[in-house]
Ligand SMILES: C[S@@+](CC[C@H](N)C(=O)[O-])C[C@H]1O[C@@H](n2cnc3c(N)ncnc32)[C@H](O)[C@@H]1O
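Just one chain is shown here, as structure tokens, and it is the form predicted alone.
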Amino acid sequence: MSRPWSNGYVADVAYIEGYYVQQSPMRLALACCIGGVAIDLPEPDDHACYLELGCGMGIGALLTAAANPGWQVTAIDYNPAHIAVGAGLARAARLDNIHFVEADLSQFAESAEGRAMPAADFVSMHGLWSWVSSDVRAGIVRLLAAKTRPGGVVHVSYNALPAWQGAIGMQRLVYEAGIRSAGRSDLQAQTGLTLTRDIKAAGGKYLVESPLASDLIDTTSAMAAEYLSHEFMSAHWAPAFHADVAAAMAGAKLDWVASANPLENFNELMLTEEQRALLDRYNDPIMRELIKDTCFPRQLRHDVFVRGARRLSNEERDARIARLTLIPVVSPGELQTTLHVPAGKAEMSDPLKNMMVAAMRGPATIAELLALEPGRSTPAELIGVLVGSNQCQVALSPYGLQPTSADRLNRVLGARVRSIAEAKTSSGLASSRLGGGLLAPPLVQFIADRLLSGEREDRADAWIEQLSADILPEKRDKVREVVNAAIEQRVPILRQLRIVPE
């Protein structure tokens, strides 16, 4: 059921709360390094500005503000319910360096508030571009042109073509059936999805023969209703070709640099040898990306653009990457040395495994890791594998102290967790050493809050009792197993990142 003011957007159901590491300033800086572009990376106490467009409930913006107390963070969303949640969390955590704004981005650039907003060093928009009208996209470009600093970095995610072409008909079925039914947008989405399942069962050609549409129909039953309503029930839903997004961003003097997903920047992992030969016919990066998107499935692109790209030579790029410091975000026992990528299964060589094992021991620069196996890998390859496999993150301030602003926000986030059965997607904890957030499910948020309150792990029995209040007795042993595993595997990481005290 749309609101009169919603202009075709889903506004009667709040979007899922989440944190997406591709929005992290450090992840964007890494993408620039891999793409051979120099950027200036401010420290947590420096004066810098971060802007998020379409922030939802603002978890990523909150984590960035709490981890970087010297920065000014602005978070903008069209839905006042989202802004109310984000602003409430900021007040509870007493964060004075974040400003939540309810605004229509089709007009914001020309508004008094838009003109007064500081220019941004980093801009991120996740889950926005493919779901808004052409007027809003034009307004976004005008805002980026006016408010991205020279040298500033912009991240935009969107549903990508041609990957989505096989499911365009499916989305239209969901939307058209949904808007003709009663109820909220989440109920409308379920009505439309039921129709697609029925048509597929009846042998509907374009739902049976399209791998993406068929897979989506089979998997959506397990997805959050809030996500499905926002994904499928926007009147403006429109996947895009990378070339068209790059052309739009050029209107703000933005140059495409790389993907915020590190592994996607390494063609050896994404493409077969024959496909790489076809790619090598072209030097133009936009044409090369179109070939890549045609060869391997990439439903959601995470593109990184720079306003005024300062290009580096390969030697300069490698030298910058070699100085970066990695911190593990998985326990040593969780280390994976086999990657499953579009080009096949990639088994790491023994020298690379040795460097990966060393990285699990704690903060280390890329140069230090490479020195363990001289000449066996390049800086870009090593950091791409370790960060791209989500086993390490790049540290902004590897030996810095956690600010009290981060502690306060982490306690606010953890205190909301009442049961292990709560299901929130990809939430996080603020980490100044990472310059943003650490992916953390609700259970880990809860544990962080308890440790920040002064409790120790020997209180685990009390934690389990609290988290199991609404769990069937026969499932309590499973809760104990999950909680103890989280304590064993996650708490050492939280301590190394100074998210919780030693």
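In this text the structure is predicted, and so the values were computed from the model without any measurement. From 1 onward, residues are counted along the sequence shown.
There is also a form predicted together with the ligand; it is not shown, and the following applies to it.
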Is the ligand in the predicted bound form close enough to Glu52, Asp77 and Leu105 that every residue in that trio has a heavy atom within 4.5 angstroms of it?
yes
Which single stretch, out of 243 to 251, 354 to 362, 77 to 85, 331 to 339, brings residue heavy atoms within 4.5 Å of the ligand in the predicted bound form?
77 to 85
Should Leu173 be classed as touching the ligand in the predicted bound form when contacts are defined as heavy atoms within 4.5 Å?
no
Does Gly56 reach the ligand in the predicted bound form, with heavy atoms at most 4.5 Å apart?
yes
Give a yes/no on whether Pro403 approaches the ligand to within 4.5 Å in the predicted bound form, heavy atoms considered.
no
Please run the contact check for Val132 against the ligand in the predicted bound form: heavy atoms, 4.5 angstroms, yes or no?
yes
Here the chain is shown alone; which of Gly127, Gly204, Pro239, Gly166 has a heavy atom within 4.5 Å of the ligand in the predicted bound form?
Gly127
Option touching the ligand, based on a heavy atom within 4.5 Å in the predicted bound form, out of Leu193, Val136, Ala380, Leu269:
Val136
